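Same protein, same chain, two forms; see structure 1 and structure 2 below, as structure tokens.
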Structure 1
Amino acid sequence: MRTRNETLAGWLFVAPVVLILGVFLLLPIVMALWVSLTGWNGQGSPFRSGVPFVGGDNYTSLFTEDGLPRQDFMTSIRNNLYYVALVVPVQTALALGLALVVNQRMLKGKSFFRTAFYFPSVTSSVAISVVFLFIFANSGAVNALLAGVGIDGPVWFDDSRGLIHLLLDTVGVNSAPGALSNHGVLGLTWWDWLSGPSVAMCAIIALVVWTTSGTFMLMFLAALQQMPQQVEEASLIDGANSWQRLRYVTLPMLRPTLFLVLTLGLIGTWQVFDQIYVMSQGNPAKTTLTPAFLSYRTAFKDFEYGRGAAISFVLFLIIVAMTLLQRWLLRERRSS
């Protein structure tokens, strides 16, 4: 009887939270899943009898049907893959490096440096995006600095060529080889897949790395301050140098924090939206188009709410799959 009363009391305490989460989180997800299976155009309710049910057509149009929807979606996936491949490792390495610096016992002005490194993370992303638009303008600060050392800066938000294509152009390869231009997968040629991020995407990458590293620095710093000093002292007695202590002592003990940082970074990079919306709107030539922005544009500008919802659910599955893969790669391996 006592156990039953305790169980009932527990459910009564959590009932408000469960109700709020159910109404404002679970129910909208279920509603969006239904919309992804329909051809709703935003007129009226998506649950009325006149809304056409299309089943999985919105999903197949993204993967198997030739046309603009698949081409745009695969272009956004390509762009986001380059974005993730650059942002996640760079911001993680930078955050760890900053944490190691501000964790030094002999460093003077620790509070100042911690605040300075963290400040960009608490600044409005929209405001910083507007500032970066001026910095990377054709006559902006970045091109002025490049001109000072004799380099002609690129037209950051007008040049649609990828970095790999730009590098190939410097060695005389300015057109796609037939093997790459005549073959491809999922609606894009191999030449398109291997283009690299555009210079506009590189500007956005620089912005994101600068604004997110401070938050992850605090996570690494908290973990570093929780590490027992006896372990580091023992490694010093054993004669380990700075690199050996970092590789064999610090990094293994930071594994849980590293997994957290990489997971949050991975999720954030696949959900990038506000910087794209403010700085480029997916341009030039869709080289900064991302799945999150494509979902918004498809639903709220093209009024294809079903396909827009389908893109968001595919994006959700991509994030879950990559998180599980990352967890498997960073698992603690037991020696036999």
Structure 2
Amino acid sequence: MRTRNETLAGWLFVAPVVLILGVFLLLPIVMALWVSLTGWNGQGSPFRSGVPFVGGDNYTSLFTEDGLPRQDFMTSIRNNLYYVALVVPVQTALALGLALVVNQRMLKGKSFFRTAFYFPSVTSSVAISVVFLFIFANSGAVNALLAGVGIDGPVWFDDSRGLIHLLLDTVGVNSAPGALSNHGVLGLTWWDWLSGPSVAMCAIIALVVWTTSGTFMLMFLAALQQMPQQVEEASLIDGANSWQRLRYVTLPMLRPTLFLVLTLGLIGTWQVFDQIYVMSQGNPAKTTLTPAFLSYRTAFKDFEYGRGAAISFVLFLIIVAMTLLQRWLLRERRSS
């Protein structure tokens, strides 16, 4: 009697969660998989008989067919790769550094600083993006600071030049060597692949590092505070200096957290959307286009829902791969 009651209650209690997650998370994935195989243009239902079934065409247009769709998609992948390559290491290093400083026992006012560093993480990404639009504006704070040290700051959100191209320019390489500009892979020339993040993308990178470091700092801090004090004391008695302590005692013990922060960073950076939407819409010259924003734009602006959904799925696979990497790395930790 009691177990029957419990079974009924149990199912009733989880019913809202199961229903809503099922209808708005799982069902949509199946529906989108279908749409990604069609040429649906947004008119009527995508499940009518008149909607053209195109099989894998939406996917091949992203990977194997010459044309604008592949060029845009690969450009967005390139942009996101540079974005990941800069954001993940910088936010991790900054978070770790801040956590180590905030964790020092002799400092006063630590909770104030902790709060200050974490505050940007809890505020609205849209509101913050508006603030950074102003900070990186032509007559904004960053350029005012640069002018203070005699540098003529760039027009941040109009500057599509890549950092690597700019670096090469300083050593006199200002156009692509023939070998790089005439050959390429996946619809972009090697020269295009090797552009580096654009100046505009750097402003977005600065914003994202600024908003996420606080959260990751808290994760490092939680791990640091769980570290047994005896270990540190023992190393002090052994005569280790602070650099040696950091290198041989603290960092090895932080390894699991470091993996966590790195993989969460990898998962998060492939999803950048809000900031792109508010600050640049993929401009200038498509150098801030990311797969997440491209999939949105393709579907809701160009009404190519099939291709938009296909881009979503490719992105989905990238992120699932990162998630599996995370699970795998953290499992290693548990078994060892």
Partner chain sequence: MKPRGLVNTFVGYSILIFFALVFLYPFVIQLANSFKTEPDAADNPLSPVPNPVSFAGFERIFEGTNFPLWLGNSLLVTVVLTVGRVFFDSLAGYALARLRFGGRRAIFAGVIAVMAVPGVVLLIPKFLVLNQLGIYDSYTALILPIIVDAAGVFIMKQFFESVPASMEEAARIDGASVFRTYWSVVLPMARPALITLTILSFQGSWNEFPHTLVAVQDPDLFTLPRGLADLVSGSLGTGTQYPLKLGAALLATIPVAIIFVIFQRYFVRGATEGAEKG
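Everything quoted here is computed from the prediction, not taken from an experiment. Numbers follow structure 1, counted from its first residue as 1. For the two forms, the rigid core is made up of the largest set of C-alpha atoms that agree within 1.5 Å on superposition.
Of the two forms shown, the one predicted in complex with the partner chain is structure 2, not structure 1.
Relative to the superposed rigid core, the position of the CA of V314 differs between the two structures by less than 2 Å. In the core-superposed comparison between the two structures, the CA atom of P16 travels 5.4 Å.
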